[in-house]
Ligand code: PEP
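Take a look at this one chain, the form predicted on its own, written out in structure tokens.
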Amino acid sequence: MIVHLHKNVSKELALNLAEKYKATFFENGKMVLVTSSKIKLPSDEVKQAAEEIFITDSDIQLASKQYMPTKREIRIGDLVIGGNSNNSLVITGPCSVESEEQIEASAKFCVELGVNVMRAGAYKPRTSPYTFQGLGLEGLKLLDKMRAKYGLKIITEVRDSSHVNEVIDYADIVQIGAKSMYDQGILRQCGKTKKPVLLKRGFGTTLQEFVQAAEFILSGGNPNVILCERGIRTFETKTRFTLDLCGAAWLKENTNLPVILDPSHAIGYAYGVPDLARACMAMAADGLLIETHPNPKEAKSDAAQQLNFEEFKNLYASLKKVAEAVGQKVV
């Protein structure tokens, strides 16, 4: 149950109600209480304090269309996705920051092509401890340098809660990766900022679990959450994961959050990324996350799935045509 409190309700009373009913309390232009969805009948004192009350079917509450029937609008500087924008944000860049030369080549490529948001990881949550783990703070500083020099917006990933504040400080969009989706330290800290947060679905995560992870951020007072479908683990062994377009359709139908898709991590092989990306755009996705690298064969992480610049350039041109066919605009 979600309760919007009257403006004349004191904060002291709001906190007392939150404690009494074991509710989450946050302020975001108004005072809001969120209880377990198991509570369907508000008490008389809650009714007296309430301006509006919303009853939901499950603990997908703040993200539910039962609460907010229209898609949330997310602003990334002067860019907008969600709301009534019909914009599809295409993000590209390498899996990780490897050197200043490599990341500057990527930044120049984005600017030349008209891509506004560049991705690259400074902290890499790798499966093996013996592989490249990222440049850390040095990588964040290189991304910041490219932003200042080329006017790009930056999305980069949080690996664990030890550096979440560093990433929030440097990034325009904070990415929570599939392996960190359950980290409540990260989720709760991202709930304290108003920066856009892109939350990736874990590869063994149900849709219910995925959106409930987003609820941790939303219930912290940050309304700027973007969901990212990046493939789930199935019985199939010929591809890295299986991109769940059915799940993406469910998220669009049942949640009020923008949905971005990541075909690169889903298939894990560059040959399949263009076709998957066009399929995602045909679904009128709010955005795509596609990995590119100046020389994929030399990449220190996820080499097999990254497109070279020429491959991405050709894909980008085709994505604009698909977007136009379904009433979207690439930004």
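When you see a residue number, it is the position in the sequence shown, counting from 1. This one's a predicted model, so the numbers in the text were calculated from it and none came from an experiment.
The protein also exists as the form predicted in complex with the ligand; that form is not presented, and the subsequent description refers to it.
The stretch among 116-124, 204-212, 75-83, 253-261 whose residues place heavy atoms within 4.5 Å of the ligand in the predicted bound form is 116-124. A single residue from the set K153, K71, R159, R230 has any heavy atom within 4.5 angstroms of the ligand in the predicted bound form; that residue is R230. Just one of I91, A178, I103, L243 comes within 4.5 Å of the ligand in the predicted bound form, counting any heavy atom, and that one is A178. Under a 4.5 angstroms non-hydrogen atom cutoff, the ligand in the predicted bound form lacks H293 among its neighbouring residues. The closest non-hydrogen atom of C95 lies within 4.5 Å of the ligand in the predicted bound form. Of the residues in 46-66, none comes within 4.5 Å of the ligand in the predicted bound form through any heavy atom.
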